[in-house]
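Encoded as structure tokens, the following chain is the form predicted on its own, with no partner shown.
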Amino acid sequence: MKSTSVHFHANARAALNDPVLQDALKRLKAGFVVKRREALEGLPDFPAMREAASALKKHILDHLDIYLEQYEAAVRRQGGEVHWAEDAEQARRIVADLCQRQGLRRVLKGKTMVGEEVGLNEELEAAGLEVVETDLGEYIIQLAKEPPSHIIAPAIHKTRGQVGELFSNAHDNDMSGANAPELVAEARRVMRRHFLAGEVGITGANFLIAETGSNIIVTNEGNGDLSATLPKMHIVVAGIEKVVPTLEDATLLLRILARSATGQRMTSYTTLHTGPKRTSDRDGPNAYHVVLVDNGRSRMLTGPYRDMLHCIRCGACLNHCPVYGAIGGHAYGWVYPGPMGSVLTPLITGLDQAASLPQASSLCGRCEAVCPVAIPLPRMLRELRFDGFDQGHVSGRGLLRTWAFLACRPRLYRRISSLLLAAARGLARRGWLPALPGTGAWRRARDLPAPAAQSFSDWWRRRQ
């Protein structure tokens, strides 16, 4: 997927003026947020679990090379193969080569954000393969030729009528007036045919277990299980930060993942896959491959953004973010939206392509407060703002430099500010200022009140 993050401001304005999207975002606020709160009310030890999960992720990153090597050795003992991808291009090439080498064309794809990140579908389709998304939300946006708008609910921006229209155009049934159960039944009917014909199954991984070589996926539809077990070959595509030392460690993360994501105690399906089919197994893939993707993650390990690798992709920060709640996911212009995307996207695609995203936050701190692994997202957003300023990606640099110059000279600052405030008071009408030169973009969504008759400094000095 090509990033459009550089057009964030235009994307955001379009989202704010989209009544269908705004209606969908209202449902988001009433859904995931309420369910998460209710789920955590029944888990009084959540704060301690959150602290333990954060400590576990820190430990993993401190010893990431060791656990990745253990995981690779365990996968090979189970009869699988591990492939290392330094960047997105290499990840795409590895997966395409695995399919073409075996002459396999029909691909079932379970939900994988890393697959979206590296642009896997485009590469496979260009190589002549037929790719079908098996997660219902991902299937809907595949038909719509759109990227996901949420990391756990990719089609949350679509209405029932829009989904019915997409199904009518793609299937042999008229679903224009169908209700939700009818749409689900239609998707199941069509998907069953694909499941039986699939030759390659590609899934992501919520966690990779170093001690056993297993990968864990969590779903509510069961499509991940069918995608992994029915085809001849199973390919797991995952980021290197997904590794976890033991199964016991994974249970801690599983307990906080579903509650933070969908408000469930556990997802409907929590499945472990360990290698290819054995002689005693009745079904399963004949070949099992894991593609471990770096794509900038190693760079994060040694800098101020290391904590971003703690992320378990629950989506809680998106659900509670007032900015995401106002504009949705597509405005962010790439795979990862919301607060986590405002940090990840500049780090992966480059700050020159996404300098506006760290600015798209009120720094209210809700994202950090609800994160199940306590990622300091506001701190990293501030760091990226500093980086953007230093690299020349922030507008108004001249104005900021002028303000910094004056702020370091208190007497001059007071004199000039007094003159400016007096002029502003003279321009005010009924307590509000008219449009001023250089404030056009800022004023599009804000009103500018007239300054107070007395400055805080003067008030304080007289009070003393």
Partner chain sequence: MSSTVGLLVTCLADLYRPQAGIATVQLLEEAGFRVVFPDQTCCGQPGYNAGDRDSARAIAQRVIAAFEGCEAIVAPSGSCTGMLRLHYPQLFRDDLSWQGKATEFAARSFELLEFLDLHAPELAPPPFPFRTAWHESCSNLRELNRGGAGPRWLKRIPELELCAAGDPEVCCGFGGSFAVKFADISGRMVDDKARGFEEAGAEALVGNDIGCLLNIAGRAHRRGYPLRVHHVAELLAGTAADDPGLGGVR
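Keep in mind that what you see is a predicted model, and the values were worked out from it rather than measured. Each form is matched to the other, and the largest set of C-alpha atoms that superpose within 1.5 Å is called the rigid core. Positions refer to the first chain, counted from 1.
Another form exists, predicted in complex with the partner chain; not displayed. Remarks below refer to it.
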(request) Tell me whether N121, H234 and R255, taken together, all sit within 4.5 Å of the partner chain in the model of the complex, counting heavy atoms only. (result) no
(message) Considering non-hydrogen atoms and a 4.5 Å limit, does the partner chain approach A422 in the model of the complex?
(response) no
(message) Quick check on R313: any heavy atom within 4.5 Å of the partner chain in the model of the complex?
(response) no
(message) S356 versus the partner chain, in the model of the complex: is there a non-hydrogen atom within 4.5 Å?
(response) yes
(message) Test of understanding: in the model of the complex, would D390 fall inside 4.5 Å of the partner chain by heavy atoms?
(response) yes
(message) The chain here is shown without the partner chain. Which stretch in 98-106, 166-174, 316-324, 209-217 comes within 4.5 angstroms of it in the model of the complex, by heavy atom distance?
(response) 316-324
(request) Identify, from the list R385, H330, H289, K158, the residue with a heavy atom within 4.5 Å of the partner chain in the model of the complex. (result) R385
(request) Name the residue from L427, L406, M49, A55 that puts a heavy atom within 4.5 Å of the partner chain in the model of the complex. (result) L406
(request) Go through 363-394 residue by residue and record those having a heavy atom within 4.5 Å of the partner chain in the model of the complex; state none if no residue qualifies. (result) L363, C364, G365, R366, A369, R379, R382, E383, R385, F386, F389, D390, V394
(request) Note yes or no: does the Cα of S455 move by 2 Å or more between the shown form and the other one after the core is superposed? (result) yes
